[in-house]
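Just the one chain here, the form predicted alone, laid out as structure tokens.
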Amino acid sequence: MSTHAATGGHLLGPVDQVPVGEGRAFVVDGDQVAVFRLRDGSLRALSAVCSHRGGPIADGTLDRQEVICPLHQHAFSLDSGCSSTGAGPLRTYHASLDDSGNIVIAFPPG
């Protein structure tokens, strides 16, 4: 992983390493980040560790709007990180593709 000069984000590598409709976990500056590739090709990124009991969010069940933690079925919005099932929110990240088809993650300010 490297810093992407054009965006100031972190380059994670080719988008093909995340199959469509699934998620993969990456370590970005010491944080675990789950990157999801939705069926429409768009990307979302959240903290990879469930706020409830530390479950692996990247292994969760995914739809267009939420991911469900595989351990205790807490659901989290892919856009906001907020839980609809009472767990604490997850941190969100901006995920995009560069011109070469590589995933770029940007940390939110603050």
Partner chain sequence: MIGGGLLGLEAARGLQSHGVGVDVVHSGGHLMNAQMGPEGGAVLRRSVEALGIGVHTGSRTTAILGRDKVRGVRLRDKPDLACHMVVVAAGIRPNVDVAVSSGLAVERAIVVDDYMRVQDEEDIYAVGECVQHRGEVYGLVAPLWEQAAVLADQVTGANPTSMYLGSRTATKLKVAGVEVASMGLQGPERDTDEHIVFSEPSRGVFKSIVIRNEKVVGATLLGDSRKVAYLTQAFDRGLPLPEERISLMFDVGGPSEEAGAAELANDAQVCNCNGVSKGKLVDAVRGGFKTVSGVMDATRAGKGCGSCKLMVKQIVEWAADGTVEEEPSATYYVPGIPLDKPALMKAIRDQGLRSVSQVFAALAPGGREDARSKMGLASLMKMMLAGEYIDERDARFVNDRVHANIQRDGTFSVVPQMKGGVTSPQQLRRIADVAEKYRIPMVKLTGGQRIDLLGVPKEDLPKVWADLDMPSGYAYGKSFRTVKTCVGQEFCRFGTGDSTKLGVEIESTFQGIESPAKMKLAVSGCPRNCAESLVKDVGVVAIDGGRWEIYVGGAAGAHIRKGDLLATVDDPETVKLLTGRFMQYYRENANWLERTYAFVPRVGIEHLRSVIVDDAEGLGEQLDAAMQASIEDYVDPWRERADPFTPGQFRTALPLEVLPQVPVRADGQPMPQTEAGREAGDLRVTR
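Numbering follows the first chain given and starts at 1. Keep in mind it's a predicted model, so treat the numbers as computed, not measured.
The protein also exists as the form predicted together with the partner chain; that form is not presented, and the subsequent description refers to it.
(Q) Does the partner chain, in the model of the complex, lie within 4.5 angstroms of each residue among 21, 54 and 63, using heavy atoms as the measure? (A) Looking in the model of the complex, the three residues 21, 54 and 63 all sit within 4.5 Å of the partner chain (heavy atoms).
Q. Would residue 17 sit within 4.5 Å of the partner chain in the model of the complex, counting heavy atoms only?
A. Contact check for residue 17: yes, within 4.5 Å of the partner chain in the model of the complex.
Q: Mark residue 25 yes when one of its heavy atoms lies within 4.5 Å of a heavy atom of the partner chain in the model of the complex, and no otherwise.
A: Residue 25: yes, in contact with the partner chain in the model of the complex.
Q) Wondering, does residue 44 line up within 4.5 Å of the partner chain in the model of the complex on heavy atoms? A) Residue 44: no contact with the partner chain in the model of the complex.
Q: Indicate whether residue 75 is a 4.5 Å heavy atom neighbour of the partner chain in the model of the complex.
A: Residue 75 belongs to the contact set for the partner chain.
Q) In sequence order, which positions of 68-102 have a non-hydrogen atom within 4.5 Å of the partner chain in the model of the complex? A) Sequence-ordered list: 68, 70, 71, 72, 73, 74, 75, 84, 85.
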